[in-house]
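So this first bit is one chain, no partners, the form predicted alone, shown in structure tokens.
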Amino acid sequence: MQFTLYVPGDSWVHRLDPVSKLLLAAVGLALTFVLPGHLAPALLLAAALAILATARVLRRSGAVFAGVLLIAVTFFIVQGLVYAGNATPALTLGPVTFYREGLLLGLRLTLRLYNILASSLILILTTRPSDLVESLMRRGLPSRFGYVIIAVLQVIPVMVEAAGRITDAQRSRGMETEGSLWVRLRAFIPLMGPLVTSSLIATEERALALEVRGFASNRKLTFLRDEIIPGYAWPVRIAALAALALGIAGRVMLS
């Protein structure tokens, strides 16, 4: 049973070591807030999508992108109507007028949102959480922080799996969980109690299991497998840092 968003594969991104992919994601997130205008963020998004495509996880990414589409549309509507700097009418639909300045700001916010998602998905979809935490612990990360990272990465898949299991059990007892919006809302409230209870029980069981396995031990850690770093890892790291340096330099020159 898989409790992560990781997509198994054998692409060059999958074979890249977790620390290099963590650096790629961090650089992508930093450039999201450093790059000015619209063209540079659009190129950054195109580069991230190209990496996701070569990793063969673009279809899985598309589901995430579609999930936040409503937020992106909200950016355009709200900023196009009420942005304080609105001055130039761009589109009129009956009594409603959208302004060019607000629509451009909505585009900038949308690019920022999708760049954050794309950069994060490069790491999340191609890296097992256990491999990421193990790589960081090899470099001195305390085991307690490692546990926090892996718990954060697994919290959504675990909750979704638990919600599906509880919904199936309720459906087998004759409870309606599918149909109109009102039927789904009525099924949502009975779901919350068992979901919260099962999460608390799972947390306690996991804490006991960790203590049994010596989680609090102060002895030096050993690892079952050797770390494999491909030959192209360092060129990828250097290219990522160079892109970040160019982005910062461009921002300074334009400011």
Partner chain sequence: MAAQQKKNVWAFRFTTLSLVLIPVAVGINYVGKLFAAALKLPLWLDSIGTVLAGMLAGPWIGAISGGVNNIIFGITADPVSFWYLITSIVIGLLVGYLAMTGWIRDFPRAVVLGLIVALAAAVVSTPINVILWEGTTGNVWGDALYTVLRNGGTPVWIASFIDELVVDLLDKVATVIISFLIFKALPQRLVGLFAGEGQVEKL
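For the two forms, the rigid core is made up of the largest set of C-alpha atoms that agree within 1.5 Å on superposition. All of these numbers come straight from a predicted model, not from anything done at the bench. Residue numbers count along the first chain shown, from 1.
Although not depicted, the form predicted together with the partner chain is the subject of the following passage.
Non-hydrogen atoms within 4.5 angstroms of the partner chain in the model of the complex: do Val78, Leu105 and Arg206 all have one? Each of the three qualifies.
So the partner chain isn't shown here. In the model of the complex, which residue out of Leu191, Ala50, Leu69, Leu43 has a non-hydrogen atom within 4.5 Å of it? Result of the distance check: Leu191.
Can you tell me whether Arg184 touches the partner chain? I mean in the model of the complex, with a 4.5 angstroms heavy atom cut-off. Although the partner chain is absent here, Arg184 would touch it in the model of the complex, with heavy atoms inside 4.5 Å.
I'd like to know whether Thr54 contacts the partner chain in the model of the complex, with contact meaning heavy atoms within 4.5 angstroms. Answer no; every heavy atom of Thr54 is more than 4.5 Å from the partner chain in the model of the complex.
Are any of the heavy atoms in Ile201 no more than 4.5 Å from a heavy atom of the partner chain in the model of the complex? The answer is yes: Ile201 has a heavy atom within 4.5 Å of the partner chain.
For Thr177, is any heavy atom within 4.5 Å of the partner chain in the model of the complex, or not? Yes, Thr177 lies within 4.5 Å of the partner chain in the model of the complex.
If you apply a 4.5 angstroms heavy atom cut-off, which residues in 147-165 are near the partner chain in the model of the complex? If the 4.5 Å heavy-atom criterion is applied to the partner chain in the model of the complex, 147-165 yields Tyr147, Val148, Ile149, Ala151, Val152, Leu153, Val155, Ile156, Met159, Val160, Ala163.
Taking the rigid core as reference, does Arg59 move its C-alpha 2 Å or further between this form and the one not shown? The answer is no, as the C-alpha of Arg59 shifts between this form and the one not shown by less than 2 Å after core alignment.
Per-residue C-alpha change between this form and the one not shown, Thr177, threshold 2 Å, rigid core fit: Shift at Thr177: 2 Å or more after core fit.
Take the rigid core as the frame of reference and indicate whether the C-alpha of Thr167 shifts by 2 Å or more between this form and the one not shown. Shift at Thr167: 2 Å or more after core fit.
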